[in-house]
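First structure 1, then structure 2: two forms of the same chain, each alone, as structure tokens.
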Structure 1
Amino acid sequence: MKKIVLTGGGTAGHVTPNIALIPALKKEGYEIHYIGTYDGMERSMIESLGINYIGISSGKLRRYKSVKNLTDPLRVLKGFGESLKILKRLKPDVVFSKGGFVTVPVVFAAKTCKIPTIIHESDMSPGLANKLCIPKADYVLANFPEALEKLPKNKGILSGTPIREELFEGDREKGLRFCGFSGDKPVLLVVGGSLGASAVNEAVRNILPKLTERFDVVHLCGKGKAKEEYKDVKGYVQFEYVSEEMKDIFKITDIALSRAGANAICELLALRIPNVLIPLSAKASRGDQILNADSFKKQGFSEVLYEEDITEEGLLDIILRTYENRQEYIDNMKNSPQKDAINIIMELIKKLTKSD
């Protein structure tokens, strides 16, 4: 039987693209195993799907001084030894790595065992873990055209990010009921994100009366950021977090206002939702969201408003303009190769799989 090992962990962004691949892998008859950390957040996500999960030791790779830099290399070495034993026992045809510190010992062990490996990089420039792994990989997949310039020419492929198939299966009527909307107005989805959501939340709420004249507004404001005084505003609904109903919310969304995390904007691209991106400020991050947003603007998928430039008038204007020109963004998204990630990745996996 064909076998594959998936690996990735540390954040949801290193796990959800792997999860998105699972239905396609099952359809092709692959036996799927997952290697993550002993007790990382990825464990519960994967085990809930009935996938065999195997934990290994993992240390964080740091660019800064820390006393843990003395002990964590030992954890990585231990993880490498554990990965060797696992891979020799499972004998997978291919390893697919989504990134995160746990992947380093797995990818190095796969190279030692001469098992083909595919790496996926979400951001414009590879993180430290993927930088270490790229020389060991057969292919390195990228979200953005600009990222290909930083990858080995014989390995880099533009794929976009795998998107969970259930996001395409939303029900409009369920979405309207869940949000309490009539469907008479276009819907604006606001995604603040868990990190730095306050700036986006405040900016939106400051212009809420003008927004609700034109739109019904569904606001994912982040944990602990819902406000009681907005609870009964007509045409506005706020949620701290949405899971199962997200596909239905996407189905009713005509335009989105979002941070510019790689997975979030790739979902908007795949679902062809015109959007305005407010990337996380470079003061609060390594600047990857700014690069992501600029790439999407350059490709004609999005408009961009930088956090430092937000004014009430400017925010309202860019939302209205993007909505009025929405078909232009939709057409550009339809023509993007980044919307077909699962098929691109599956073709590579099948190419690397040993024939019986």
Structure 2
Amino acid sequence: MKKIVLTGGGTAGHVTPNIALIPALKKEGYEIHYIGTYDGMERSMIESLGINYIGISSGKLRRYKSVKNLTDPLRVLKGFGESLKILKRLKPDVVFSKGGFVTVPVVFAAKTCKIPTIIHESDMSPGLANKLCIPKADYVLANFPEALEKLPKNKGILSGTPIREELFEGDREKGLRFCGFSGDKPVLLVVGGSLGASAVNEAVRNILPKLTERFDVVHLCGKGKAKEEYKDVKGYVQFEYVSEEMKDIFKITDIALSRAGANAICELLALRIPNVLIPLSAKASRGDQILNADSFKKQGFSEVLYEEDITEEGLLDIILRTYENRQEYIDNMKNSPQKDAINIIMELIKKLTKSD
């Protein structure tokens, strides 16, 4: 039987593209296994789909100083040993890696076992985990043309990003019911990335009375970031993280205020939702969200507000302006050429599959 191992984790952005591939893999008759960390957020996301999940030990790859930098290499080594054992037992035809630090031992073990490996990079430049994995991979898929330029010529393929099909099948009534909204006001979705974003959360909560005059506001605020004092604010609802309800929330969204994670913005584009992006600052990252956001603004899909420039009036103004001009953004998004990522990736997976 055809077999594939998927891997990726740490944040939802390293898991949802894998999830997007699962229906197509099932349709083609693949037996699917997933390797993630023992206790990362990928575990429940994958187990809830009934996919065989195997946890391994993993260490974070940090660019900054921490005492854990001394113990984490040992965990990565342990993860490598565990991955070797798992791959030797499962003997998959292909390993597909979506990035995140857990994937490093898996991809290295796949190379040792001579199992063909594909990795996918969502951002403009490869993350640290993917950087380490590129020499071991057979193919590297890119979401952005800009990333392709930085990849070895014989390995890089422009695929775009796989988006979960279910996101296109949201139900308005269910979305309104879930949020407790009447449907009379336009809906503003605030989403701070899969882990939440304190800067975005605070800025929005500071102008809530003004926002709720115009919009019903649904706020995906990140784990541990819901605040009791906002529980009863009329026209405002907060969720720390939503899973299957995401599609219904997108369905009722008239405008989004979002971090500029690669998957989030590709979903907004595919669903043609006008948006204002607040990219994660270069101080807290390698700056890819800024590049993502600038590129989307240049193409007329988004407005951008940099974290350092947030003021109460400025934030309200850019949200209102973008909402007033929403049709312009929707038209630009409709005219954007989009890659059929799921099919491109499936063709490559099938090419690398030997057994049947």
Ligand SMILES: CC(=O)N[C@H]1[C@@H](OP(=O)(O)OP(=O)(O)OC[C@H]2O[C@@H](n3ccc(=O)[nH]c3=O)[C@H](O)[C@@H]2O)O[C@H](CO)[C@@H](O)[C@@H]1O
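Here the structure is a predicted model, which means the values were calculated and not measured. Residue positions are counted from 1 along structure 1's sequence.
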Inset, instruction - Looking at the two shown chains, say which is the form predicted in complex with this ligand. - result: 2
Legend entry - Motion between structures 1 and 2 between rigid parts - which of 300, 164, 111, 51 is the hinge: 164
Legend entry - Rigid-body rotation angle between structures 1 and 2, smaller part relative to larger (whole degrees): 23
